[in-house]
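A single chain, nothing else alongside it, follows as structure tokens in the form predicted alone.
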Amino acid sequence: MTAHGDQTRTENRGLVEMGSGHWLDALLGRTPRRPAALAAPPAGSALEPVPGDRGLPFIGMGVHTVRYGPAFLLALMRRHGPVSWWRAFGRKVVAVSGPEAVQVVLANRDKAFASGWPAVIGPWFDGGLLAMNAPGHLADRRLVQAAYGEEALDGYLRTMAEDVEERLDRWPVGRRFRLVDAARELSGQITTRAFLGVPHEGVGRKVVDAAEECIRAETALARVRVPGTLWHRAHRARTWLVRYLHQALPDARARAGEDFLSVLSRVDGFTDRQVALHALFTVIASHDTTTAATLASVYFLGKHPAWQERARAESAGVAPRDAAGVDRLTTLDLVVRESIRLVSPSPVLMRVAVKDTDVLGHHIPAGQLVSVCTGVNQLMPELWSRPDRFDPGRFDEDRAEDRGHRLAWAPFGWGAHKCIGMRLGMLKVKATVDALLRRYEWSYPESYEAPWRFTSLPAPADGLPTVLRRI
């Protein structure tokens, strides 16, 4: 039941439907779809062309993608089926949605798909697992896995927990502030010591600032290395980051510390440059995705005070300093899982077809960019009861809606490219929110709905104004 007893009311409308009454929504609603087939299938193949929308010249449906995220892709699936296409800023993109279509691409049994991330976000992750393909991906993944064992995770978590405890005490109380900015800064502050073994003040801040230059460039339309552009600044930042990490390795290896760089530097089989590139990917990816997950969790806890109180009661008097301790926060685990179901930090996975292939009988030509829409699966009423509703109990053992299909809930991907840092990311988010619960309480008006926008990663466009109160 909703707060008003109306089970037909859409709760998180902006996450599952396009349009909220804003003037921009009315304008976008008048965008011509201009239906068209993507490409003609080979003669005699019995395959069907991929249906879709061209939208406006060049812009296509690109603004819809940024404004509505998975809600736009859900509407595209409803209109054209689980394999469709749309144009965004001059690029044609195939969307595969629904568990069957997603499984075909991620299983990749005929080796027809490779990572499409470099074509979308740029070269910032080159040399990291996200941008790699077989057989190099599998070989490097096995080596990197050594830095994600339970003992290593406990070491990272101890450091992050110490920093979270100290930093949260500095947050403003009793006055409104932008939680998006504060959460992003907090993530950077607790990343540098746990991941690189350096304090945030000084070189740590420079590392985070350089990483954010790369993150901002992921959505740049002007991709030319002209001084003053996002693209140019990001290339300079990445060059500095690789050089810094490479030069930091001898000290990291010698100190035999608990930070990620030190642990990874002691793995046999990597060159120093490979270690630097994998560390660079980890710093950038973990910083932004965990910020998005933390924001979603804090937002929904503020909208649902009963769940906030239940999670706080479980956290009371507990300051978990290892993974086992965090794992005992079962209510918080339900909350975070449900939060990233509704607002997935990575609602799509990008692939590119390396040869002509098909998905569910639809022809995909070689070279075609494919968006694997895991975030759509997490909003489908065919897979979830009242998917618009914030309902952490759906992850309880007695309901287990996430187990209805292996790809119903896949915020970390699936298959060979499933996020290697999934457990570390969840631990970081839960440790942060747990520390927040033990200090503060907060709420958002019933009428308020965060205006989520989907650029490189989802975040409320208004900064999520928040007032904390000490408990």
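Residue numbers here begin at 1 and follow the sequence given. Keep in mind the model is a prediction, meaning the values are calculated, not measured.
This next part talks about the form predicted together with a small molecule, which is not shown.
Think of it this way: in the predicted complex, the small molecule has a heavy atom of just one of L47, L436, C419, V63 within 4.5 Å, and the residue is C419. Residue L349 is the only one of L349, I190, L179, L74 with a heavy atom lying within 4.5 Å of the small molecule in the predicted complex. Remark: of stretches 289-297, 200-208, 308-316, 264-272, the one touching the small molecule in the predicted complex is 289-297 (heavy atom within 4.5 Å).
Among residues of the shown chain, A431 is not one whose heavy atoms approach the small molecule to within 4.5 Å in the predicted complex. At a distance threshold of 4.5 angstroms between non-hydrogen atoms, R141 is in contact with the small molecule in the predicted complex. Y148 belongs to the set of residues with a heavy atom inside 4.5 Å of the small molecule in the predicted complex. Although the partner is absent here, W117 is a contact residue: one of its heavy atoms lies within 4.5 angstroms of the small molecule in the predicted complex. The candidate spot formed by P99, F113 and R406 lies out of contact with the small molecule in the predicted complex, as no residue has a heavy atom within 4.5 Å of it.
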